[in-house]
Ligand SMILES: N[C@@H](CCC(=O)N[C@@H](CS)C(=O)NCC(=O)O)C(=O)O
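Given as structure tokens, the chain that follows is alone and in the form predicted on its own.
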Amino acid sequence: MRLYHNPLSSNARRVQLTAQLLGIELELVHVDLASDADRRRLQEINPNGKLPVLTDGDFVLWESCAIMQYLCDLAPEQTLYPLDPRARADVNRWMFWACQHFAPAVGVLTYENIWKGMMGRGEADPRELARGERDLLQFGAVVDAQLAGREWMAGQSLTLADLALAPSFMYIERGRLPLERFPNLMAWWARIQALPVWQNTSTVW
């Protein structure tokens, strides 16, 4: 299986974390998002032009959470994605929430504080920074409340819910993410950072 990725992509890191924990070896294909040629090749396998993309023979799958779930279904002894319908629904809930709410709020701040300047698009917009901070504080409080009395997002064991959320924290310092006020969340983040698989997928950031 091949994974088209870029080490700066938090979405691609979700998949790498999952694959490593499952013991599934992926052939990593680096996509240079600053290269027009690489972007054209990416568009050929994903009409959205986004990373990551998994190819398994003639099967092409995009969307990071769908890839994570697919990999778990290929590993019958796995524990990251529960088989019980309610437990699985709970994990699905947090995976979709991480993509729909938490990651976009992080994205506003990382764009304004990191990527905008690197791309030569001017200074950070104070209005956008305020919007991103407002949303992130709202969603950070949701995570903090969920983690009260729990080690992991869906209970006492690591699941895809944690792996979907964790890569958004790749840029906690450089993106100036205001999350220090949430003790349960920060304790969870420390547990994530201590995982060998997290350290194995680290980037220059």
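Quantities reported herein were computed from a predicted structural model and do not represent experimental measurements. Note that residue numbering follows the sequence shown and begins at 1.
Keep in mind that the form predicted together with this ligand is not shown, yet the notes after this line are about it.
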Only one of 6-14, 19-27, 192-200, 179-187 sits within 4.5 Å of this ligand in the predicted complex by heavy atom distance, namely 6-14
From 142, 172, 33, 45: within 4.5 Å of this ligand in the predicted complex by heavy atoms is 33
Heavy atom within 4.5 Å of this ligand in the predicted complex, from candidates 63, 56, 38, 151, belongs to 63
Answer with yes or no whether residue 155 is in contact with this ligand in the predicted complex, where contact means some heavy atom within 4.5 Å.
no
Next on the checklist: Would you classify residue 51 as touching this ligand in the predicted complex, given a 4.5 Å non-hydrogen atom cut-off?
Outcome noted: yes
